[in-house]
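Just one chain is shown here, as structure tokens, and it is the form predicted on its own.
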Amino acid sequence: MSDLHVEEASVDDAAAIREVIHSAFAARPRLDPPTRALDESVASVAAAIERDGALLGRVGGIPAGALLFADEGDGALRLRRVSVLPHLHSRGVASAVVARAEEVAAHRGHDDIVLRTRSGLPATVAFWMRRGYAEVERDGTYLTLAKALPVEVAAGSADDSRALGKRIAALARPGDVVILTGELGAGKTTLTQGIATGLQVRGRVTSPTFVIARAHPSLVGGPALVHVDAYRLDGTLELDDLDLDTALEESVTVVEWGEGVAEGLSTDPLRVRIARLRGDDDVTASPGGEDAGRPGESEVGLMDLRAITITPTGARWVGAGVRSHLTASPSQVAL
């Protein structure tokens, strides 16, 4: 919808936001207990805007969608009174408002977005699930849904990429699956080497290639690293395909070329996409052995600039502080 614009609201928008809230919630099915959204006044909306902010979406300059923010200082930005005028449902207004809210949350330095809805509103619940929100708590008919925000960081060298891998390892726990995506030479194995260093596992990390997977046991009693190369796999990866003695629920599994292949290994994977922003083909192929015949990533020379996007998926990552942890280093800054 080209004439749809969503902006952060000012106190002067309180009356318009209150009207959107009342119109939207009055059109919803009656629930028990009844909603208190209809108790919102211009004064209460203005106070919420002044305290934590709000968004107002307009279609052709006319107020069409809105929400209120609530910031309780716990790393999460909460959404309240998410509202769209009834006659504009299915026009993309709600998606645009929520997308802008996620941008605001990231800009303010939050790790997560949290909201409450009702189990008696299945279409509403489905809307949030499609956008990657997961149920983290249930209290009677009230559901708390949340989403850990993605983060994009820059890596200007192989050392930067390995340092980011170490930070990912610090967040990881047994059973986690990391799905790596990126073109040949992007540095997927380099990042995995950093994860291995952070986990303190045995053995040199190289592209598994012809063995599909290698298990690297811990040197310190922590989780093993299972390093998977799905480059030649055509179908969905299954546990039996790995043929490992190491149990995946006790390991951290990293799958190169895993997008569209490794999703069956976890309902809450950490997705990592590596994109080369500029540069050349300055990637050294392995001279022989098991990596021969395919451009190697285990020995990357001077890396050009990479944009690395980390997308936490599912309830597992809510509250883990992914954004703040991965951007805490001066060499890793959010783009």
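Note that the structure is predicted; figures quoted are calculated from it, not measured. Note that residue numbering follows the sequence shown and begins at 1.
Same protein, other form: the form predicted in complex with a small molecule, not shown, and the subject of what follows.
> Pick from 258 to 266, 154 to 162, 196 to 204, 69 to 77: which stretch has non-hydrogen atoms within 4.5 Å of the small molecule in the model of the complex?
Heavy atoms within 4.5 Å of the small molecule in the model of the complex occur in 154 to 162.
> How about Val104: is it within 4.5 Å of the small molecule in the model of the complex, going by heavy atoms?
Although the small molecule is absent here, Val104 would stay clear of it in the model of the complex, with no heavy atoms inside 4.5 Å.
> Do Thr190 and the small molecule share at least one heavy atom pair within 4.5 Å in the model of the complex?
Heavy-atom contact with the small molecule at 4.5 Å: present for Thr190.
> Find out whether any non-hydrogen atom of Leu184 is located within 4.5 angstroms of the small molecule in the model of the complex, and reply yes or no.
Although the small molecule is absent here, Leu184 would touch it in the model of the complex, with heavy atoms inside 4.5 Å.
> Heavy atoms within 4.5 Å of the small molecule in the model of the complex: does Asp52 have any?
Flag for Asp52 set to no.
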